Each structure stands twice: as structure tokens, then as C-alpha cells.
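Only one chain is included here, represented as C-alpha cells and corresponding to the form predicted alone.
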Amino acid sequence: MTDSLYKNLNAYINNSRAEFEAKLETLVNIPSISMDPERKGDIQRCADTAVEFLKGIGAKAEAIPTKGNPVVVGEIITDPKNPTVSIYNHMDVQPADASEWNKAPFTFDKVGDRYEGRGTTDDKGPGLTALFAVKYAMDHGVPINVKFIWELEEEIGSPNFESFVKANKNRLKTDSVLVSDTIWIARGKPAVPYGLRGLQAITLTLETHAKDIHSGLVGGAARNPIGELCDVVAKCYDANTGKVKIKGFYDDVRKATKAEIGSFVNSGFTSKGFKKAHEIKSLRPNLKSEGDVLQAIMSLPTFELHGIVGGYSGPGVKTIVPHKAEAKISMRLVPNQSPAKILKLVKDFIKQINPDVKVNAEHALEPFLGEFGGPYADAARTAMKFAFGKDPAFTREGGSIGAVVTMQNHLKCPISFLGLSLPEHGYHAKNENYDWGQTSGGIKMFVKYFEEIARL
């Protein structure tokens, strides 16, 4: 089968380009923003389009309702005796501020080999890349069964995904899961993640009086909630180094081994390239080496302040003492850390500093750690090298994918990551894009991966 499988693969990829681009344009032009309640109609339109695309390659497919947004599922069963792989992607997207973009965010544009628009790389482009690979593998007799799980709430923390999985556990039964929603460290150097950070988000609120008051009348006597929250946050962590000061915060951290750190460094990462890709002017002064930076973004927990709300934010200065303030904070967590335990530590710590501050728990996700080695990791390594010509580095993702932990807990099978996005593709950023090079290589990669796991 091997010779016949790859004989026509390059021709298939080239001949499929126009169809791939047309389908990507259709999806990108649908603003499937899961955090915007006014986009419910667009979410449903995206789900219906996804079902149509899956049926187009011969899959049985439908959009299954949940309490929130639907989940699109599909399957192609070649033989019940064949191994089954489930492919997870998401079709919902982040919002986009049109004033920051160089084009309309939800209008697909093709510029040479580059595809521009919200959702091109996160995660509609990689999802379609896998779809085109499945079609080729099925048409050429690769002995596997394939299931598709396309979520439409990933960008809001997958609040209804666990109930969906529990309700459809038998239908979703599989031998392995393949996720294509991750990022390489550098173009030209493939990366296979095997871990994800978890998350505990919180808001801190403090109300010190009933209304905003003229500072000329009360300044110097009235409490200032913004100032007090700034003091609380400063006591929680060192903004210069990122080091968290909360007692017990690091107790359960599973430290990366020398072999893991070596693999991180082998990813093609450079601090210069990292800063350029993300338009960062400078890094924290305590990060002295590439390994230091990589551990900070992959294998160590974080404490980040995302915004402080309160008082007057218009032009000039309005001399009032605000009555209320809120700080928005997230903590990325690493393997062995528990969101519930971290939340309690934070609450207890802040209560000692300022008992008037209310700590409100927002969404939480458990961290994930997969296999650094083993047959599925070997299959991923082989597939990446076949498609892109280089052995991949095994890395950990700094972000979170809530659905992965849910699938690990309930489907109880190996989970592999074969992502295609690059730092310059702009995950969650302005001018998001994807490209034909990653698409064409990705189709090859997935086909090879399917052939490899069919033998397991």
C-alpha cells in the first residue's frame, strides 16, 4: 500500500489547492465568535457549513446541540476491526478589532501563498488541512476509521464540552485522539507538543464607597480602590520577574527534566525571533538564556494582570476618587498543579492583605501532560519528518485547551498533537494568517500519520 499511497499525493495536494482555498474562504467569512451572544446565528451557520464539508468527503455528520453552541461530529468507518482516530479542531474564533487590522478581519484575502483573516490559523485552516488529508487516506485504502470532533466553544473555555462528551461517550469511543490546534516555535522547525498549561482566572473587586467623589472634597481621607488593588497585586507577584510571592504557589510544580529542556531548546527558538514574531520590545530581565525563556512560557506557572477597571478613563484627568475597582488576573498552571488548590491559596493570601477585596473565581482548566515518547509520539515524529524534512522538537504549549483534559478524562486514550500554526500567523492577534506551505506540508503529515497508526 505504501508505494501507491504516496505516488499521487503531491498531485492530489496541488490539484486540491483551489478547493481548499474556497472552503477556507467560506469558513473565514463566517464570524463564528463564541464569546459574542449576538453571533449565535453565525455560530449555527458555521456548524451547518462544517457538517456540509464533512459530508462532502463521505462522512456521516451532524451538529449536536448543547446548552451552549453545537459540536459538529462526523465519522468514516472503514471496518470496525480497524483502529479509530478522532480528530479534534475548533471552528469558533476570537473577536477582532477592525481598527487594528490592515484589512476587514472576517473577509478572507489571499496574498500569494498567504491566507489572511480571523480563524485562518486558529483553527479553521488546520482543521480543513486534516479534512483534505482524511479524504486522500480514505480514497487510498488506509485501514483506519476516522471521527471528527469540531467544537464551537473552545475560545470561551469549552463550558459545555464535558457534558457533550459524557452524553455521547459511546459514540465518541476511539483508540486515539489527534489535536491540530498548536503552534511551532519557529518556521522550518517542526514541533510536537506533549503538554498544555492549565488555567485559573480570577477577578478581584473592591468597593470602598457608594459613588465616585470629588478628590478636592475627600482626597487624602477617602480610600482609593484602584490604589489598594494595585497594592494587592504587587504583593502577589513581582512584576519585573514574574515570580509569584503567594506561599505554596510552586509547591506542586513538576519541573521539566534536562532532556525536556534540551528538546525545548532544539525547537529552533531564539529570543530575537520570539520578540519579532510577537512584537515584543524587551523580555523580563531575569531571563538570561533561551532555556530560561522557554521554561517561562512552557513549563512554569504564571501570574498575569490583564486589566484594571474603575474610575475615569477618558481624555485628560477627571479628579474623582473612584468608588469601585476590578482587577482581571489569570494564572497559567503546569502539570501537578490544581486550579482549586491555587484558588484557595490566592484567596487566603489576599484575605490576609486586604480582607475587603473579593476574589471571584472565573473559568478554570486543568493542565495536561501527554507522552514524551511511545508509539504515538514516534508516529508523530515520523510524520513530521516525512512532510517537512526535519525531526520535530517535542515541546509544551504555554496555552490551554480545555477540551483536551476532558477527552483525556472521559475517552481514556492517547492524545497526540500535530499543529501547523507558526508564531507569525498571529494566534489571537491582529492580521491573523495561514499559508499554503503549512497546508501542503500538513496534508502530507496527516496522511503519513494515519498510515503509521494504522499499523499499531
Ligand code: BES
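Note that residue numbering follows the sequence shown and begins at 1. Model, not experiment: these values are computed from the prediction.
Unshown form predicted in complex with the ligand; subsequent notes refer to it.
The chain is drawn here without the ligand; in the predicted complex, the stretch among 41 to 49, 25 to 33, 422 to 430, 386 to 394 whose residues come within 4.5 Å of it by any heavy atom is 422 to 430. Just one of Lys245, His363, Lys276, Arg254 comes within 4.5 Å of the ligand in the predicted complex, counting any heavy atom, and that one is His363. Distance criterion of 4.5 Å from any heavy atom to the ligand in the predicted complex singles out Leu199 from the list Leu343, Met138, Leu199, Val357. Residue contact check for Ile401: one or more of its heavy atoms lie within 4.5 Å of the ligand in the predicted complex. Although the partner is absent here, Arg381 sits far enough away that none of its heavy atoms falls within 4.5 Å of the ligand in the predicted complex. Using a 4.5 angstroms limit between non-hydrogen atoms, Thr182 touches the ligand in the predicted complex. In the predicted complex, the ligand sits within 4.5 Å of a heavy atom of Gly157.
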